[in-house]
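A single chain, nothing else alongside it, follows as structure tokens in the form predicted alone.
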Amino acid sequence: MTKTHDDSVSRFDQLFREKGIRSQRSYPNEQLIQFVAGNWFALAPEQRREIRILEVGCGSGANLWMLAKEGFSVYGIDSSAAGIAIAESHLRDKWGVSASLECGSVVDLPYGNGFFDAVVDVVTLQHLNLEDSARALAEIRRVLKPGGQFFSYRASDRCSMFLNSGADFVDAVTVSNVANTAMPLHGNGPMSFWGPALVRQIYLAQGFEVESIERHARTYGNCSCTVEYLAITAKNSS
């Protein structure tokens, strides 16, 4: 693991400790819902229980509760013990569901080979530099079944923050922090901004077949800043 990874872990652990449940959104990502619906919502309840889904960087559980409510076998991992504690109480006390939760790193997943039907990532891998991203993707592919599905939602290289971050570059696509306070997502530590060509290049190198890349953009209030995300679906090609 690199210093960039450690800096990101430290920043989000601090956010969870300072803000608790308010440190992140409370409801699931819309593109993630579409991904899950397109693959498994047609299954009967007893069939859904056989589908194991892991969220890397699960944070406070905003996506996990939806997956658990829909009847899947749900797993979550986050590098922050504070985040995991929030997720446990959030799922139990508000939604009446549970998930198998672990405190750990996406670059060293504590699961067996080929264990999951799907792995999902919502704005977690975007906080890794290129070196750690390759490690994380290799681990995600390892724990996926052959043909298993991988969904990722991450910042694109069309974001206003990419060239106006006010910070140093860690590598060609990663900044140390969005320090410019006029920009959205400032103060969240290291951030990496990928384009579709880079996605295909890195995913292919790690044994994934990219199935789709969709762009989802929005502007922020009166600052005329554009934030664009890539919703990426891929499968373990082994």
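Residues carry their position along the shown sequence, with the first being 1. Everything numeric here is computed off the predicted structure, so don't read it as measured data.
Omitted here: the form predicted together with a small molecule. The next part is about that form.
S.K.: Between the options Ser156, Ser80, Ser160, Asn129, which residue brings a heavy atom to within 4.5 Å of the small molecule in the predicted bound form?
M.R.: Contact residue from the list: Ser80.
S.K.: Are His5, Ser8 and Cys58 jointly within 4.5 Å of the small molecule in the predicted bound form, each by at least one heavy atom?
M.R.: Yes, each of His5, Ser8 and Cys58 comes within 4.5 Å of the small molecule in the predicted bound form.
S.K.: Given the stretches 99 to 107, 140 to 148, 68 to 76, 86 to 94, which is the single one in contact with the small molecule in the predicted bound form, using a heavy atom cutoff of 4.5 Å?
M.R.: Partner-contacting stretch among the options: 99 to 107.
S.K.: Using heavy atoms and a 4.5 Å limit, would one call Val122 a contact residue for the small molecule in the predicted bound form?
M.R.: Answer yes; at least one heavy atom of Val122 falls within 4.5 Å of the small molecule in the predicted bound form.
S.K.: Are any of the heavy atoms in Arg17 no more than 4.5 Å from a heavy atom of the small molecule in the predicted bound form?
M.R.: It does not: once the small molecule is placed as it appears in the predicted bound form, Arg17 has no heavy atom within 4.5 Å of it.
S.K.: Look up in the predicted bound form whether Ser192 has a non-hydrogen atom within 4.5 angstroms of the small molecule, and give yes or no.
M.R.: Flag for Ser192 set to no.
S.K.: I'd like to know whether His216 contacts the small molecule in the predicted bound form, with contact meaning heavy atoms within 4.5 angstroms.
M.R.: No.
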